[in-house]
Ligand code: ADP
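Heads up, the chain below is alone and in the form predicted on its own; it's given as structure tokens.
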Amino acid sequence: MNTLVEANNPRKHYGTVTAVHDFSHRFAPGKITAILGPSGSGKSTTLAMIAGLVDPDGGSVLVNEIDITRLPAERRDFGLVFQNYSLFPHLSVVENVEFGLRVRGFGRSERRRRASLALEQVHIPHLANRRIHQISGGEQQRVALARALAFAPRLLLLDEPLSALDAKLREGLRTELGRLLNELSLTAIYVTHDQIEAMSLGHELIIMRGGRIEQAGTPIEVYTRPSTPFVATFLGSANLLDGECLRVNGQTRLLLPFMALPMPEGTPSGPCRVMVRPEDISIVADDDGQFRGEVASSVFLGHQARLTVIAGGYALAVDASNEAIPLPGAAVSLRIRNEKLRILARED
């Protein structure tokens, strides 16, 4: 169901604290939009205003160009899934899934048909007659998802739905959830603090900071082309370097503490911040190196090693093969993938 949701700067204040103050966005119909940000950035408050659980102090929320800002939550036909599953322990699994259908006035046979279909979709039809205390946390989360899907919501809102689960179970459910939502072509808004969840599930990614949108785009756009130093360091690992772009003999050159690089035409001149990801710095043979550094430490991560290399007074994070990890104190030659450099404006 391709539902167009628009948030036109819904704002929320709690006394002197501004929770959300600059959030305007059109959510892609039939796609998953992940909202990511640090604690207190306004993610959950934004979701709650869209859901109708919190009244905004200003702005509006539209669904298919109809203003629903003051419409009660129970009349919005939105499916909600939260970290706290909010299941009824005295009811069976299938009765929990039927609950929302009963509230909406569906007859008994239609309730059972829809609930059975939803349990099939989340792969737990065999648990239909179990009590909630008889199933695991991961199974309870599936029940909560089935309940939200049973009445065919026009929008699915998920707030940290997997955060209470252990890492291995969370990984499996994340994969299944992405598959299911893509199959259903549901418009979904997914709030999380987990970067892997956000980038693997979201067709679109919103980074929030201080109650506003810092950057929005596809996950690969935001990761490879962050617009601010905050986004660069918040999403993944990043080396931020002080640099300066100068015009020298008709060519723009980027001066870094440990080397100089030619830059494309049109690169703005002046002081700047430069981002380079650890995976875009390689240890190479001396003849191929652009600069040299000294290994300060290494951390074995299984599939690779994360090195800290000192160069030009900076501690650079560098990803290296796990086959031949240099020892602390070793001198190494390094090369940066120039095309992966990102020039950022300085931030106060």
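None of the values given here were measured: they were computed from a predicted structure. Residue positions are given as counts along the sequence shown, with the first one as 1.
The form predicted together with the ligand is left out here; the points below concern that form.
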{"query": "Answer range among 284 to 292, 37 to 45, 66 to 74, 317 to 325 for contact with the ligand, defined in the model of the complex as heavy atoms within 4.5 Å", "finding": "37 to 45"}
{"query": "4.5 Å heavy atom contact, Val332 to the ligand in the model of the complex", "finding": "no"}
{"query": "Partner proximity in the model of the complex: Ile336 to the ligand, non-hydrogen atom cutoff 4.5 Å", "finding": "no"}
{"query": "Contacts with the ligand in the model of the complex - residues in 8 to 32 whose heavy atoms fall within 4.5 Å", "finding": "Tyr14, Val17, Ala19"}
